[in-house]
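In C-alpha coordinates, the next block holds one chain alone, the form predicted on its own.
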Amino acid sequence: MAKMTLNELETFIPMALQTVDLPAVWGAKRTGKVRDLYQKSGKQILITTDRVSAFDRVLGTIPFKGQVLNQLSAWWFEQTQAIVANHVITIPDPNVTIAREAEPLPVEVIVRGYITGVTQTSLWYLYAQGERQPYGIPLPDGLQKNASLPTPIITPTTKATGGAHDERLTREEILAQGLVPETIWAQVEEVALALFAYGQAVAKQAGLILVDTKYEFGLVDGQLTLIDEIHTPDSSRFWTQDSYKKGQEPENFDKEYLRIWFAAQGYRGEGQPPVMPPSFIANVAARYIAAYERLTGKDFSPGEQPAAARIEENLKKNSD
(Lines give C-alpha, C1' and ligand atoms only; values in the text may rest on other atoms or scores of the structure.)
Protein backbone atom coordinates (compact mmCIF):
# COMPACT_ATOMS: atom_id res chain seq x y z
CA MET A 1 0.00 0.00 0.00
CA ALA A 2 1.31 3.45 -0.89
CA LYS A 3 2.32 5.64 2.04
CA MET A 4 -0.15 8.33 3.02
CA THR A 5 0.86 11.87 2.23
CA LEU A 6 0.57 14.67 4.78
CA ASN A 7 -2.44 16.00 2.89
CA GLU A 8 -4.11 12.58 3.08
CA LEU A 9 -3.38 12.35 6.79
CA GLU A 10 -5.06 15.72 7.29
CA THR A 11 -8.29 14.31 5.84
CA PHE A 12 -8.39 11.73 8.65
CA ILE A 13 -8.16 14.30 11.46
CA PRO A 14 -11.97 14.56 11.91
CA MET A 15 -12.14 10.75 12.26
CA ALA A 16 -9.47 10.47 14.96
CA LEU A 17 -10.60 8.11 17.73
CA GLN A 18 -11.52 10.21 20.77
CA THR A 19 -13.19 7.48 22.85
CA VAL A 20 -15.12 4.22 22.60
CA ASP A 21 -18.37 3.58 24.48
CA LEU A 22 -19.09 -0.13 24.52
CA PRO A 23 -22.42 -1.73 25.49
CA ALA A 24 -22.99 -2.57 29.17
CA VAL A 25 -22.12 -6.22 28.55
CA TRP A 26 -18.46 -5.17 28.58
CA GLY A 27 -18.71 -3.72 32.07
CA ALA A 28 -17.91 -0.27 33.43
CA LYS A 29 -15.61 1.97 31.44
CA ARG A 30 -12.45 3.41 32.92
CA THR A 31 -10.62 6.18 31.10
CA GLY A 32 -6.90 6.88 31.21
CA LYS A 33 -5.09 9.64 29.38
CA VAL A 34 -4.74 7.54 26.23
CA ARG A 35 -6.71 4.32 26.79
CA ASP A 36 -10.29 3.32 27.46
CA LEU A 37 -10.41 0.21 29.63
CA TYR A 38 -13.08 -2.41 30.25
CA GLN A 39 -13.01 -5.65 32.24
CA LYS A 40 -14.86 -8.84 31.48
CA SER A 41 -14.49 -12.43 32.69
CA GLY A 42 -11.16 -11.73 34.37
CA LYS A 43 -9.74 -10.11 31.24
CA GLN A 44 -8.87 -6.51 30.47
CA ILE A 45 -9.98 -4.87 27.23
CA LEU A 46 -7.46 -2.11 26.49
CA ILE A 47 -8.56 0.28 23.73
CA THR A 48 -5.80 2.64 22.63
CA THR A 49 -7.44 5.81 21.37
CA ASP A 50 -5.91 8.62 19.32
CA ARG A 51 -5.78 10.94 22.33
CA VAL A 52 -2.34 12.45 22.91
CA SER A 53 -1.08 13.68 26.27
CA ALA A 54 1.87 15.70 27.48
CA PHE A 55 2.53 17.79 30.58
CA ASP A 56 -0.01 15.51 32.35
CA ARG A 57 -2.79 16.84 30.09
CA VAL A 58 -4.72 15.43 27.14
CA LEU A 59 -3.95 17.88 24.34
CA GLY A 60 -5.99 16.60 21.41
CA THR A 61 -6.03 13.66 19.02
CA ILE A 62 -3.63 12.40 16.36
CA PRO A 63 -5.12 10.13 13.65
CA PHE A 64 -3.84 6.53 13.70
CA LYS A 65 -1.75 7.17 16.82
CA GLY A 66 -3.73 4.62 18.82
CA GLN A 67 -3.35 1.98 16.14
CA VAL A 68 0.39 2.60 15.96
CA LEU A 69 0.85 2.31 19.73
CA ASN A 70 -1.25 -0.84 20.01
CA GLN A 71 0.25 -2.65 17.04
CA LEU A 72 3.81 -1.59 17.81
CA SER A 73 3.49 -2.78 21.41
CA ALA A 74 1.97 -6.05 20.17
CA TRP A 75 4.98 -6.52 17.89
CA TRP A 76 7.45 -5.83 20.70
CA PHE A 77 5.56 -8.09 23.13
CA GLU A 78 5.88 -10.94 20.63
CA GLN A 79 9.57 -10.23 20.02
CA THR A 80 10.44 -10.16 23.73
CA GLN A 81 8.38 -13.02 25.16
CA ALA A 82 11.55 -15.10 25.56
CA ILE A 83 12.87 -12.41 27.93
CA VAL A 84 9.75 -12.00 30.08
CA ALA A 85 6.10 -13.03 30.03
CA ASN A 86 3.59 -10.37 28.95
CA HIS A 87 -0.10 -9.77 29.49
CA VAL A 88 -1.32 -10.16 25.90
CA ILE A 89 -4.02 -12.73 25.17
CA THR A 90 -5.08 -11.56 21.71
CA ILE A 91 -5.22 -8.49 19.44
CA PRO A 92 -8.79 -8.55 18.04
CA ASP A 93 -8.57 -5.11 16.45
CA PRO A 94 -5.78 -2.72 15.39
CA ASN A 95 -6.58 -0.52 18.40
CA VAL A 96 -7.41 -3.22 20.97
CA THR A 97 -5.51 -5.62 23.20
CA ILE A 98 -7.27 -8.22 25.32
CA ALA A 99 -4.97 -8.89 28.25
CA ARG A 100 -4.65 -10.90 31.41
CA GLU A 101 -5.45 -9.06 34.60
CA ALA A 102 -2.28 -8.34 36.51
CA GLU A 103 -1.49 -7.02 39.95
CA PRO A 104 0.59 -3.96 38.96
CA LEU A 105 3.82 -3.24 40.79
CA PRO A 106 3.59 0.28 42.32
CA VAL A 107 6.83 1.42 40.63
CA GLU A 108 7.53 2.73 37.14
CA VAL A 109 10.77 1.34 35.77
CA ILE A 110 12.71 3.89 33.71
CA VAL A 111 15.82 2.64 31.93
CA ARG A 112 18.22 5.26 30.59
CA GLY A 113 21.10 4.75 28.19
CA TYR A 114 21.97 8.44 27.75
CA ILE A 115 22.16 11.49 29.99
CA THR A 116 19.62 13.98 28.69
CA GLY A 117 16.39 15.81 29.45
CA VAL A 118 15.31 19.28 30.56
CA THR A 119 12.73 18.67 33.31
CA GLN A 120 13.69 19.00 36.96
CA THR A 121 13.66 15.22 37.43
CA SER A 122 15.66 14.47 34.29
CA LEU A 123 19.08 12.93 34.55
CA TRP A 124 20.87 15.79 32.79
CA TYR A 125 19.16 18.51 34.86
CA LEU A 126 20.18 16.79 38.11
CA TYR A 127 23.71 16.15 36.87
CA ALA A 128 24.14 19.75 35.68
CA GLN A 129 23.10 20.92 39.16
CA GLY A 130 26.04 18.96 40.57
CA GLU A 131 24.27 15.80 41.69
CA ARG A 132 26.50 12.79 41.12
CA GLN A 133 24.29 10.07 42.60
CA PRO A 134 20.84 10.65 41.11
CA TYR A 135 18.46 7.84 42.00
CA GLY A 136 21.24 6.52 44.24
CA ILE A 137 23.41 5.62 41.23
CA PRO A 138 26.98 7.04 41.12
CA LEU A 139 27.90 8.83 37.89
CA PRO A 140 31.40 9.95 36.86
CA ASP A 141 32.42 13.57 36.40
CA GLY A 142 32.82 15.02 32.91
CA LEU A 143 29.68 13.73 31.20
CA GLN A 144 28.23 15.94 28.47
CA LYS A 145 24.54 16.42 27.72
CA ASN A 146 23.19 13.66 25.43
CA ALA A 147 26.28 11.50 26.03
CA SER A 148 25.84 7.76 26.40
CA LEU A 149 26.13 6.49 29.95
CA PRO A 150 28.91 4.02 30.81
CA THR A 151 26.14 1.40 31.14
CA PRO A 152 22.35 1.75 31.06
CA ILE A 153 20.85 2.50 34.47
CA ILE A 154 17.45 2.03 36.09
CA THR A 155 15.88 5.17 37.58
CA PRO A 156 12.57 4.11 39.18
CA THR A 157 9.74 6.43 40.17
CA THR A 158 6.46 6.21 42.02
CA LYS A 159 3.24 5.79 40.05
CA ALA A 160 1.44 9.04 40.75
CA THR A 161 -2.36 9.23 40.62
CA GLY A 162 -4.92 12.00 40.70
CA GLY A 163 -2.79 14.51 38.80
CA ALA A 164 0.20 14.25 41.15
CA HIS A 165 3.72 13.97 39.76
CA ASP A 166 5.90 10.87 39.89
CA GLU A 167 8.57 10.99 42.58
CA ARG A 168 12.11 9.66 42.30
CA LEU A 169 12.96 6.41 44.05
CA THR A 170 16.16 4.54 44.79
CA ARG A 171 16.55 0.77 44.95
CA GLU A 172 17.04 1.05 48.70
CA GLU A 173 13.82 3.04 49.14
CA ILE A 174 11.82 0.52 47.12
CA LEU A 175 12.99 -2.30 49.34
CA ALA A 176 12.86 -0.37 52.64
CA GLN A 177 9.30 0.78 51.98
CA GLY A 178 8.25 -2.71 50.94
CA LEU A 179 6.98 -1.49 47.59
CA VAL A 180 8.34 -4.58 45.82
CA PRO A 181 9.81 -7.73 47.44
CA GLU A 182 13.57 -7.97 46.98
CA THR A 183 13.45 -11.19 44.96
CA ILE A 184 10.89 -9.67 42.56
CA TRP A 185 12.80 -6.39 42.28
CA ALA A 186 16.02 -8.23 41.42
CA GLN A 187 14.12 -9.98 38.64
CA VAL A 188 12.67 -6.64 37.47
CA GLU A 189 16.16 -5.15 37.21
CA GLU A 190 17.51 -8.09 35.22
CA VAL A 191 14.55 -8.19 32.85
CA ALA A 192 14.40 -4.41 32.32
CA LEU A 193 18.05 -4.21 31.31
CA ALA A 194 17.65 -7.21 28.99
CA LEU A 195 14.58 -5.63 27.34
CA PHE A 196 16.44 -2.35 26.91
CA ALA A 197 19.48 -4.03 25.36
CA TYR A 198 17.23 -5.83 22.88
CA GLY A 199 15.33 -2.63 22.13
CA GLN A 200 18.56 -0.74 21.48
CA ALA A 201 19.75 -3.45 19.08
CA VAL A 202 16.49 -3.35 17.10
CA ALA A 203 16.49 0.47 17.04
CA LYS A 204 20.08 0.50 15.77
CA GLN A 205 19.10 -1.66 12.81
CA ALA A 206 16.34 0.86 12.08
CA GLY A 207 18.72 3.83 12.10
CA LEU A 208 17.43 4.95 15.49
CA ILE A 209 18.81 5.21 19.03
CA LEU A 210 16.66 4.00 21.93
CA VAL A 211 17.67 6.66 24.47
CA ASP A 212 15.46 5.78 27.41
CA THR A 213 12.15 4.07 28.06
CA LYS A 214 9.51 3.23 30.63
CA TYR A 215 8.39 -0.27 31.55
CA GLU A 216 5.50 -1.32 33.74
CA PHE A 217 5.36 -4.72 35.38
CA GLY A 218 2.77 -6.70 37.27
CA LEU A 219 2.22 -10.15 38.68
CA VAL A 220 -0.01 -12.71 36.99
CA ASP A 221 -0.45 -15.80 39.15
CA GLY A 222 2.72 -14.74 40.96
CA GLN A 223 4.77 -14.53 37.75
CA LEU A 224 6.53 -11.31 36.76
CA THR A 225 4.72 -9.99 33.67
CA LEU A 226 5.34 -7.03 31.35
CA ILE A 227 2.18 -4.92 31.00
CA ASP A 228 0.96 -1.64 29.49
CA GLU A 229 3.14 -0.89 26.42
CA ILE A 230 6.72 -1.35 25.28
CA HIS A 231 9.17 0.69 23.17
CA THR A 232 6.59 3.02 21.62
CA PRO A 233 7.09 6.71 20.74
CA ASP A 234 4.95 7.50 23.82
CA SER A 235 6.86 5.41 26.36
CA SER A 236 10.36 5.83 24.88
CA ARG A 237 12.74 8.47 23.63
CA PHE A 238 14.23 7.78 20.19
CA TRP A 239 16.84 9.81 18.31
CA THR A 240 17.85 9.39 14.70
CA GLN A 241 21.39 8.08 14.38
CA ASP A 242 22.20 10.49 11.57
CA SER A 243 21.48 13.54 13.71
CA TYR A 244 23.21 12.36 16.86
CA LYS A 245 26.26 14.32 17.94
CA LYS A 246 27.32 14.81 21.55
CA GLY A 247 26.62 18.26 22.90
CA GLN A 248 24.04 19.04 20.20
CA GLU A 249 20.33 18.36 20.15
CA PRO A 250 19.55 15.22 18.13
CA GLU A 251 16.41 14.84 16.06
CA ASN A 252 13.59 13.36 18.15
CA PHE A 253 11.60 10.47 16.71
CA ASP A 254 9.03 10.29 19.49
CA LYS A 255 6.46 12.34 21.40
CA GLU A 256 9.13 14.91 22.31
CA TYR A 257 8.47 16.48 18.90
CA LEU A 258 4.97 17.34 20.13
CA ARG A 259 6.15 18.55 23.55
CA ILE A 260 8.65 20.89 21.88
CA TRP A 261 5.90 22.44 19.74
CA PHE A 262 3.66 23.12 22.75
CA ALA A 263 6.58 24.54 24.76
CA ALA A 264 7.40 26.84 21.83
CA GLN A 265 3.83 28.20 22.07
CA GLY A 266 4.51 28.96 25.74
CA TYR A 267 2.44 26.02 27.02
CA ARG A 268 3.75 23.64 29.68
CA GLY A 269 0.56 22.28 31.18
CA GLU A 270 -1.03 25.37 32.71
CA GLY A 271 -4.28 26.87 31.47
CA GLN A 272 -5.91 26.24 28.11
CA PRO A 273 -3.62 24.49 25.63
CA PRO A 274 -3.19 25.96 22.15
CA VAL A 275 -5.03 24.22 19.31
CA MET A 276 -2.76 22.17 17.07
CA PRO A 277 -3.01 23.22 13.41
CA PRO A 278 -3.92 20.47 10.91
CA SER A 279 -0.50 20.55 9.23
CA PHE A 280 1.22 19.91 12.57
CA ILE A 281 -1.20 17.11 13.50
CA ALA A 282 -0.47 15.43 10.16
CA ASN A 283 3.28 15.73 10.78
CA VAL A 284 2.95 14.12 14.21
CA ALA A 285 0.83 11.30 12.74
CA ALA A 286 3.43 10.73 10.01
CA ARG A 287 6.18 10.44 12.63
CA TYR A 288 4.26 7.85 14.63
CA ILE A 289 3.64 5.83 11.47
CA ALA A 290 7.28 6.14 10.40
CA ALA A 291 8.46 4.94 13.81
CA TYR A 292 6.27 1.85 13.48
CA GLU A 293 7.54 1.10 9.99
CA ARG A 294 11.21 1.65 10.80
CA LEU A 295 11.18 -0.44 13.96
CA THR A 296 9.08 -3.36 12.70
CA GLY A 297 10.18 -3.33 9.07
CA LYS A 298 6.49 -3.59 8.12
CA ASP A 299 4.27 -1.28 6.10
CA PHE A 300 1.58 0.44 8.13
CA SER A 301 -1.91 -0.55 7.04
CA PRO A 302 -4.51 1.91 8.35
CA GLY A 303 -7.57 0.35 9.94
CA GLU A 304 -11.03 0.98 8.58
CA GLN A 305 -12.41 4.38 9.61
CA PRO A 306 -14.23 5.51 11.65
CA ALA A 307 -12.71 3.16 14.20
CA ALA A 308 -15.30 2.99 17.01
CA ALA A 309 -17.87 0.91 15.09
CA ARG A 310 -15.12 -1.37 13.78
CA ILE A 311 -13.78 -1.91 17.30
CA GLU A 312 -17.20 -2.84 18.69
CA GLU A 313 -17.79 -5.28 15.83
CA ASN A 314 -14.39 -6.95 16.26
CA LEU A 315 -14.93 -7.28 20.01
CA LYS A 316 -18.27 -9.03 19.41
CA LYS A 317 -16.30 -11.75 17.64
CA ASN A 318 -14.16 -12.15 20.78
CA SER A 319 -16.96 -11.95 23.35
CA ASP A 320 -16.21 -15.27 25.09
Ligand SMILES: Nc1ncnc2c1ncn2[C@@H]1O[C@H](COP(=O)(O)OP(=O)(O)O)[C@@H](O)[C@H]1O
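Remember, predicted model here, so these are calculated numbers, not experimental data. When you see a residue number, it is the position in the sequence shown, counting from 1.
Quick note: we don't show the form predicted in complex with the ligand, though the next part is all about it.
Checklist entry - Of 287-295, 30-38, 261-269, 274-282, which is the one stretch near the ligand in the predicted complex, taking non-hydrogen atoms within 4.5 angstroms as near? => result Flagged stretch: 30-38.
Next on the checklist: Using a 4.5 angstroms cut-off on non-hydrogen atoms, would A99 count as touching the ligand in the predicted complex?
Outcome noted: Yes, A99 is a contact residue.
Next on the checklist: If we define contact as a non-hydrogen atom of the residue within 4.5 angstroms of the partner, is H87 a contact of the ligand in the predicted complex?
Outcome noted: It does: once the ligand is placed as it appears in the predicted complex, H87 has a heavy atom within 4.5 Å of it.
Next on the checklist: Can you work out whether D228 and the ligand are in contact in the predicted complex, taking contact to mean some heavy atom pair no more than 4.5 Å apart?
Outcome noted: Residue-level check for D228: yes, a contact with the ligand.
Item to check | Interface membership of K159, the ligand in the predicted complex, 4.5 Å heavy atom rule | outcome: Yes, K159 is a contact residue.
Checklist entry - Among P104, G136, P92, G113, which has at least one heavy atom within 4.5 Å of the ligand in the predicted complex? => result Spelling it out, the residue with a heavy atom inside the cut-off is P104.
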